[in-house]
Each structure stands twice: as structure tokens, then as C-alpha cells.
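Presented as C-alpha cells, the chain that follows is alone, the form predicted alone.
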């Protein structure tokens, strides 16, 4: 595990997909008119015979991908998260999820990482995809996880929705990080508060845990890249060992990771105080930057610290999150 600020890399997903396609002739790439923005210009340039530009017609693109999968191909479909889920939902249900076809839906710009307002902010994509039978839902945190998840989902027998940050991707994990589609990753253990998180919120959760430990709080951090099917055993085991639970996600608190953890705790009969960090049943506004939106809508390191403090019924002032200075090519927790 590396320390912030994290070095960043460009287009780890695009490179991983090209490497996979070099090894497997069944892999085909579809783009919804966001080719460069979704890193698949690399695929288009190297393997043009297996690249399909579907244009701004996402519903049709999903239907094409379902047909390709029926013919034995392994289609990877690319656009922004809102256009991969919200717009073509009916086609995903009937052409992909219901027939349980191996279509990989890749949604970039998750949550409020987009400054483009409600039309471009995928704040309910996990909730939509979680509700679909047969769908596997994944939200990865860094370049190491991206590189490993691409070949893993290529071998998955059913449909997959993969959320990806766009642009500069941090390198948080060392090269020996091994992603699993079955198991969440317990990064640290502690018997006071357990933080469950994933995706763009992992760096903030790690920073929050470090600050809390500085005030003597024993913190467990669990990285949950696969939201569905959830690793129920790990969630229950870690939560049972803690007094309180915090979830942190770049998504609405309704229907995402927080809901999945809450459902798990309830079904296991675990009476634990739960605090959910995420968008609180609201659309976000447009802005000039993502970090401004994370602060405005309560998705920062400080918000995770405050949630943990509140969950533990601490009445004293919570510790302040330390700012991490960044230079060009670096990424710090918000």
C-alpha cells in the first residue's frame, strides 16, 4: 500500500483492454461516441477490425452487444456511466441481463467526479445495476485494480457493470495487489469503527482512518470493489468485531454500497450503529471541478472522519483531516 500523494497514470484501462484483446480474438470493443474519453482510442488504433463506433445511440449499442455475445463474442461497451446505465436501461434488462449474456458495460465518470451536472453525473448507476438479476457490479479504486479486473471480467460468464474514474488514475496499491470477484479486501483491522468503501472514496477512507488512529481510534478499513455479489461473510465478520460501521461511496446513499452493507447487517441480526457517507438523496449541481463537488455534497475525508466520530458517540471535537499537497501527476484524497 502506497502513501499519498499517489502517483498517477493515464489510460490504464485502455492499455489493459488492448493487452487482453491481443490474447483473445473474441474480445470486441464498442464505443458510444466517447472513444478517446473512454480510453478506447488505443483499441481503435491497434485493432480497428474489432472496434465498433456505435455513435450517440446507446440503446442500439446495447442491443448490438447482446447480439454479439449470442454469437460467441466478448463485447466490451464504453461510454459515460449515465449513458451506460440510465439511458439504455430497458435494453440492458431485455438484451443483456435477462438472457444472462457476457456483455461488459464500462461506465466512466462515476458519481460526482463529473462536473457536468445531473445529465452527466452517474449517482444512481450502482442502484440500477444492483437491482438487475445476473448483473455483477464493480467499482475499482486505482490503476492496479483496473489492470487486473479487465481479464477477470472477461472470463465471467454473465454481464458485468464496471465503474471507472476518467483521466489521471492514482496508483494506490503495490503490484502484488490481487483483485477477487468473490472477496472484499480487509486493508486494516480495528475493533471500534469499520469503514467499508471502494472506488474514488478509498483514498479518502484511508486518509480518514489514518487521522482517526492519530486520536487513538481503532479503525478497520475494507475495500469492496465488487458490490454485487457482495462478500457478505467479510462484511459480517468485520462489522461484528467493531462497535460502529461507516460506508463511504461516490454515489447516492440509496441503493449503493451503503444500502448493501445495511441490508447485510440487518439480515445477520447485527445491531451496529451505521453512518453512510455519500450523496444524500439529491442531485448535484454543475461545477468547475470535482473536488468542489465532493466538498459541497459531503464526500470528503473530513466527512468520513465526522461520520465515524458521530457513530462512536464522541462528544469532543473530531480531528481535522490533514491536507495533502500535490504536484503535477499526483493525486491526493479529497
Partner chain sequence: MTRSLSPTRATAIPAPRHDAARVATGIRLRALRMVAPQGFGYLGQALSAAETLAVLCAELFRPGVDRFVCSPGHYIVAAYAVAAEVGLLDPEELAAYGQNGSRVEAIGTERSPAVDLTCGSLAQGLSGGVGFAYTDRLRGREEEADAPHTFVLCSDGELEEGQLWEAALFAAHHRLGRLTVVLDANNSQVDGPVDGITTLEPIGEKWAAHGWHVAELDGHDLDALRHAYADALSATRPSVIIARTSTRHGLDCLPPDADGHFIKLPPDLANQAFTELEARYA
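Just so you know, these numbers come straight off a predicted model, no measurement behind them. Residue numbers count along the first chain shown, from 1.
Not pictured, yet referred to below: the form predicted in complex with the partner chain.
Of the candidate stretches 299-307, 46-54, 278-286, 265-273, only 46-54 contains residues with a heavy atom within 4.5 Å of the partner chain in the predicted bound form.
Within this chain, residue 91 lines the site of the partner chain in the predicted bound form, having a heavy atom no more than 4.5 Å away. Residue contact with the partner chain in the predicted bound form: residue 135 places no heavy atom within 4.5 Å of it. Using a 4.5 Å cutoff between non-hydrogen atoms, residue 291 does not count as a contact of the partner chain in the predicted bound form.
Contact check for residue 144: every heavy atom lies farther than 4.5 Å from the partner chain in the predicted bound form.
Among the residues 230, 187, 181, 73, the one placing a heavy atom within 4.5 Å of the partner chain in the predicted bound form is 73. The candidate spot formed by 324, 332 and 334 is out of contact with the partner chain in the predicted bound form: none of the three has a heavy atom within 4.5 Å. Residues of 60-75 that come within 4.5 Å of the partner chain in the predicted bound form, judged by any heavy atom, are 60, 63, 64, 67, 68, 70, 71, 72, 73 in sequence order.
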